[in-house]
Each structure stands twice: as structure tokens, then as C-alpha cells.
Ligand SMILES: Cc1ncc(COP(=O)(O)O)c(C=O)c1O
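Only one chain is shown below, in C-alpha cells, and it's the form predicted on its own.
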Amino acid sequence: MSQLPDGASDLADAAALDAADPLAGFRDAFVHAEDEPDLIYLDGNSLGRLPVASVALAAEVVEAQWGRRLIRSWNEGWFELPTRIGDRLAGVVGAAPGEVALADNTSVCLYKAAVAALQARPGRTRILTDDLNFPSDVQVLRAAARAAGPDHEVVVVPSDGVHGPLDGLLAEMDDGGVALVSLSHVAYMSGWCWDLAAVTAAVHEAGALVLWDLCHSVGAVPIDLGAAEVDLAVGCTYKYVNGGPGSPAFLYVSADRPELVNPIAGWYGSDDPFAFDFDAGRAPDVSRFLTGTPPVLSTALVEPGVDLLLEAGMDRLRAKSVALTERFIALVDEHLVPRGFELRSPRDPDLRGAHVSLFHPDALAVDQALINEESVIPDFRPPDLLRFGFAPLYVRYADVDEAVARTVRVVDGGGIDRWRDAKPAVP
């Protein structure tokens, strides 16, 4: 264990906190490479760790289900995978059975949901979002607006770069022309976390529908879509849900919105898929938003991560993630701010997700030095931000202290100069 410089911190001992952590046992539910025992993985906000159960499940799906049972497996569980696992995931996001399904990727799900919302609000021509939203989301929303007609537009409300622009959103909703408000529940850059229920209520008061992107909050922040009366939501499963790289996204459609229609209809979302009827009707629940055959291998592997979240409980997960990020910010203030770093996430934990962003003028060089010299994996977002993700199922309090100590070592030891010219394909 590295020692932090500049004197002893007044924080509680990390080893003692880890020993008393009620979630400590969940760390062993994940694969840890034996050849990298000192690795500190703080990028679960981009790709979660591999659950041990997923290794055995992958072998089962490939060797037994595909290898031996072949096409018979469609009648032995494959056909129901998107909705069966969706119903499990509903327990994580506060939805009812029949309201969540695994489908496509996040962008396709977002497009389906946005077009459906615009079609359900004829005469309204504006989509509101903010500049904290994921760039791909804004691109998708613009595509949905173009599909709806030349009179439709996307309005991007500016923020201060850290906090959500609530006043600006409310001001834009005054004219009665807004059909849809679409936001990232937790902003991918700063970690800002919107008040889901309060914003949803304000959108409904303005007569519009709301579409939430839960990619950076599902599995890290408690979510109750039903209690908040959310209309539509999408999210990925490869971050805090630990479903694996490229695992399918999920789509939530409130049971109170039966008027919403899938704009990319297909056989899997019909009321009788195997009737092969040109004029098939729509399935009655969220499965009407399914389109084509699901990717069975990647869909199946989402379930172990969902099971771990349900077992741990979102309240306990949130309590630990707040404790981890609070500890990290305190150590940043003490050890990294004097070395040129600045906090670019909300200080109030109630307004912050499970990752913390730091500014540094040489952020990419710091990132590469940490990865290549110090076995710490955060991530970099251009032009000058480092993101540190604290997935509470497998990140320890000692990892927080060690990550800060190794960052100090990078800065003080010339790591920035050694990696200043690095240009990785995926930073």
C-alpha cells in the first residue's frame, strides 16, 4: 500500500472501513485477473467487471443450449429472455412487470422512444435537452425530430458544465410547444444527478412527455420510475449492471402510456410472432417495442449482474457509493488540488452519481500514466477531464486511498511528461 504524502489524513482508516463493509463479500463475485493483483479498476462507469457467474453461464448457453439443444432452446427459454430479464431489471429501476425489456442498443431504444413520444404529442414540435446530455443522445434526438417533420427541433439548454440547468429547462417549457424532454439522469461528464421525480412532474405540468437516459445511474443510484410517473426510459447494461461489453440496452415504457407506438415495428413485438401475419397487431406491454430477433448470447449474460444488484439492494449500494466518492473528494482536495487538479462534479452527494470528474490540463497524459505505469484504470473525456467511477459492488475504501496515492506519484514522478504525446484509439 502506497503512503499518501503531505501528512496524515483525518479520514477513518480504509482497512477498518473495508473490514466492516456489509457489501465486502460481493467483490469475490467478480473476476479479478491473477496476473494483475494490484490493479485498481475505477472505470465501471464505462464497463463493469465480469461476474464469476457469467463465466459459467456463457459456457452453458454456448455449449449446452446452442451446442446440444440447438433450435429447441427457443422453446426452452430463449424466446422469453428479453422480457424475463427485463422483469428482473424492473426490480432495480422501480418498474412493474411488463414495463421493461432488453432490446437493441441504447441509441436505437432512445430513437424508438423519442419518435413514439413525438407521435403521441401532435401539434407540439420541440424536444428539450441540455448540454450535459450524452452527445449520441442529442444526435439521436435530432434524428427523431427530422423523422417527425421539418417543423420539429431540438433545443439544447446550456449549463455551467457541472450542474443541470433546471431554470433554463423550465423557462423553455413555458410556451406550450414542447412535446418531449429527454435528459441523462446522471450526466456522463460531471456526474450531475437530476431529481427524477421533480423534473418529471414539471414536464408533465407543461403537457410534455419525459424520456430519461439511465445509463450512468442504473445500478448506482436508486431509481423508482413508477413512483416518479416516468413515461419512458432507456439504459445500458454494461456499466454498473455488469452485463458485458456491448450487452443489450433496456427500454422502459410505462403501462399508463398504451398510446405509445413502436416506430420500428417488427415480428418480435407483435401479439402473435409466429403467426407470420403481415397485419399482426401489437403486443400489449413493453414487448411491443421489440423489433427483431434478440442477441441471445449477450442478452443471457445480463442476468447475473442484475441478480447481484437485487441481492445487494440499491439503498446499501448507494450508501457505499456516496461514502466512496466523499472519501475520494476529500483526498483530492488535500493531495491533488495542490497539484493542479480541480473538482468538476457536484460537491453535494445528493446531486452526484457514482463517478467523480477531475479537471487537469494534461488529463490524457495523467490517464495514460495511471493505466500504463500505476495499474489504475480511470478514463479520460476530452478535452481535459478524468473520470473515476466507484462501483460499490467491487471497489474498496483502500482502493480510493491507493488511487490518489498513485496519482500523486504520477504527477511528482514525471509521468505526465512521459505520456504527454500518447494518442490511444480509445482513451
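Each residue number is its position in the shown sequence, starting from 1. Keep in mind that what you see is a predicted model, and the values were worked out from it rather than measured.
FYI, the form predicted together with the named molecule isn't displayed, but the following is about it.
- Within 4.5 Å of some heavy atom of the named molecule in the predicted bound form lies at least one heavy atom of K239.
- Shown alone here, C215 lies within 4.5 Å of the named molecule in the predicted bound form, counting heavy atoms only.
- At least one heavy atom of S184 is located within 4.5 Å of the named molecule in the predicted bound form.
- Among heavy atoms of D137, some come within 4.5 Å of the named molecule in the predicted bound form.
- In plain terms, the part of the chain that comes close to the named molecule in the predicted bound form, with a heavy atom within 4.5 Å, is 98-106 out of 194-202, 338-346, 309-317, 98-106.
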